[in-house]
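Only one chain is included here, represented as structure tokens and corresponding to the form predicted alone.
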């Protein structure tokens, strides 16, 4: 039923390569356009980071079938890879040793997508027109036509700015040389930049937490290193996570380790700090929040902005997208991942139906499909592209089928209120022990432990 379709895939990361593997299995032709010089280019920017999920959750099944034919040796499914190991032991072999190597075009940055002969406003006959993808490589501008497009280009290279209103803080662009985004390798390749310095880290998610932990470790090795945590919210404990109850154990351990460092006074905390201005102060950065009599500031040598990411939609302006106005995710997916409502880490498995737009044959997948929401898991993206490729091939039954069970995190937030005692979160409510936050915490304390780690 696929009719030998050509499917253009934007991005040669884990989800993009998984999409290409499924396209091949369906008898269609994938063409993967990767902006970087190699597959997995975005992952190379954070290759020092250990993933929260073990190998068994980071493989796509169609990709594994391609690798098996090459004599590839699988890593221990229960061990936890770093980003670099994910590249070396999985993505690079997949991109270079399987038939996918013929489909990948590196150093090919997509600049625009439309329908051949149709602008955004023209409707009659639109669905029959092929997609026209323009991209830039070392030879100059190129044009590719395809029957369907899967945009799995991610969000790594479009980070959120420091300003608490979603805009760059005043002075942020002018001081870009002292500002990094995401999760820089402060103890590795960028050690010289941060060792012995006062470093402010803005954010409350896992990237901020991981960077702060690394800075504390760097301080043990390089005296004079000081970490300042700039937190927009008022409650630092919300960043500690689910502890032992997190079904992604490495994620729970990270939160517990971070909580211990905060309790020990290793990290200076500035809560309720919504950055508004960044300026110079005797060769350093003055980072300011608030206005009038409530204004305050900190002075640091470097600023790391770990406030999440947003999708780059500029090259999709001639396509008919249906995006939630707040989350910038497909409208059917947005309610499932809206961080205003929950941060459980559990999202109902979804696919072509939830990812569909008013442009038949076009799909956002992977991290980019989540818009500004931060709860994406790699295996969610694998399920997305399995379903999407089945739909493109005309197999609607397979597209509608759910083939994924996601792990739950231990602590949920719904409607902005932490509910560690909710059913399914942290073991349910405590029964008799007033100091316990949940049943698991109560049982741990009765056994003589300090608790389960989720309070």
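Positions refer to the first chain, counted from 1. These numbers come from a predicted model, not from an experiment.
One more form of this protein, predicted together with a small molecule, exists but is not displayed; see below.
Peer 1: Considering 355, 199, 367, 95, which brings a non-hydrogen atom within 4.5 Å of the small molecule in the predicted bound form?
Peer 2: After the contact test, the surviving option is 367.
Peer 1: From the list 109, 268, 322, 296, which entry has a heavy atom within 4.5 Å of the small molecule in the predicted bound form?
Peer 2: Selected option: 109.
Peer 1: Closest heavy atom of residue 229 to the small molecule in the predicted bound form, within 4.5 Å or not?
Peer 2: Contact with the small molecule, no.
Peer 1: With a cut-off of 4.5 Å between heavy atoms, is residue 156 one of the residues that contacts the small molecule in the predicted bound form?
Peer 2: Contact check for residue 156: yes, within 4.5 Å of the small molecule in the predicted bound form.
Peer 1: Using a 4.5 Å heavy atom cut-off, state whether residue 215 contacts the small molecule in the predicted bound form.
Peer 2: So residue 215 does not count as contacting the small molecule.
Peer 1: Is residue 149 part of the interface with the small molecule in the predicted bound form - any heavy atom within 4.5 Å?
Peer 2: Contact check for residue 149: no, nothing within 4.5 Å of the small molecule in the predicted bound form.
Peer 1: Can you check 39-47, 64-72, 22-30, 388-396 and let me know which stretch has heavy atoms within 4.5 Å of the small molecule in the predicted bound form?
Peer 2: Only one stretch qualifies here: 39-47.
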